[in-house]
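Here we start with a single chain on its own, the form predicted on its own, put down as structure tokens.
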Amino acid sequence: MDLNKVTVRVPGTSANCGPGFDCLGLAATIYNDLELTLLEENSLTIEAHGDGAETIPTDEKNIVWKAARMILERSNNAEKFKGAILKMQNNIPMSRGLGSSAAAIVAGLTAANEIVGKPFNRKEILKFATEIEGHPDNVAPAIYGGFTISTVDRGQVQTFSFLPKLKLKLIVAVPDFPLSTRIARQVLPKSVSLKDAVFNIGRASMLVAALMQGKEKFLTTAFDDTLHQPYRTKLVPGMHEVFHAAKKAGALGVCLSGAGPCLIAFSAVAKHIENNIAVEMVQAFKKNNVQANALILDLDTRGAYVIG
């Protein structure tokens, strides 16, 4: 058994969940795997397979290796382990709003932390991940699983994670084009009206309460948003039409997944309508000259973990 090698699995995530801009997130049952071997010699080998593998840096710029190095430096192991072998299997679509960068960061942190004896707990891993990512809304569910609510107070990240009483299916329409978070943030206004702020506070509060109590009827408007989605519509052709198609097919709600361009709809497991919703969302995109495929996922309840 190689004590300097470990494999971790990290779920994809969806941030914002509609009204919870930069605060709410969820983990979904789509995963990236990382096999990390730490080396004492100064040698770095990176293999990437799966979605977007050809675009992933294979040198010191690789974000997984940067995350692993943070653990080594902060645990005083950077001199002991100067190199590594990274083997990545990526199933999370890149630059689509499903937390591919958060998964990479959490994978590097979790794997390196495991090898050096787990000196850091999940709260500390969250703090490190937030430092790298810049905000906790994706990294928090990637670490904890379920739904998460996160705040940052004077550099300290607080995260509350919970599992809803209502069992949900997550239907994700994945367009065939990427959208960088940087571009998606550039279109947002620097200030919003009091009316829009109150709208989102009410929806975000209702969303969390309805999920925790399993009150399905309150979810029909709880995923609505005025702070970021209206401004990002122009970046995702057919967005409103896909929203409408999902709701018409019976979805409880639908929203932009993170910064997009993925759109995510929610339905109750008991209704068994997720396949129809998926078809309608893909068709609505097609009518707007956008090719898309659909993923039907469940809520991940575990977060990042070591395999074996």
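Numbering starts at 1 and runs along the sequence shown. Everything numeric here is computed off the predicted structure, so don't read it as measured data.
Quick note: we don't show the form predicted in complex with a small molecule, though the next part is all about it.
- Residues of just one listed stretch (179-187, 104-112, 212-220, 197-205) have heavy atoms within 4.5 Å of the small molecule in the predicted complex: 179-187.
- The small molecule is not shown here, but in the predicted complex it comes within 4.5 Å of a heavy atom of residue 15.
- Taking the partner from the other structure, the small molecule in the predicted complex has no heavy atom within 4.5 Å of any heavy atom of residue 165.
- At least one heavy atom of residue 232 is located within 4.5 Å of the small molecule in the predicted complex.
- The small molecule in the predicted complex is approached by residue 259, whose closest heavy atom lies within 4.5 angstroms of it.
- Only one of 135, 82, 118, 74 comes within 4.5 Å of the small molecule in the predicted complex through a heavy atom, and that residue is 135.
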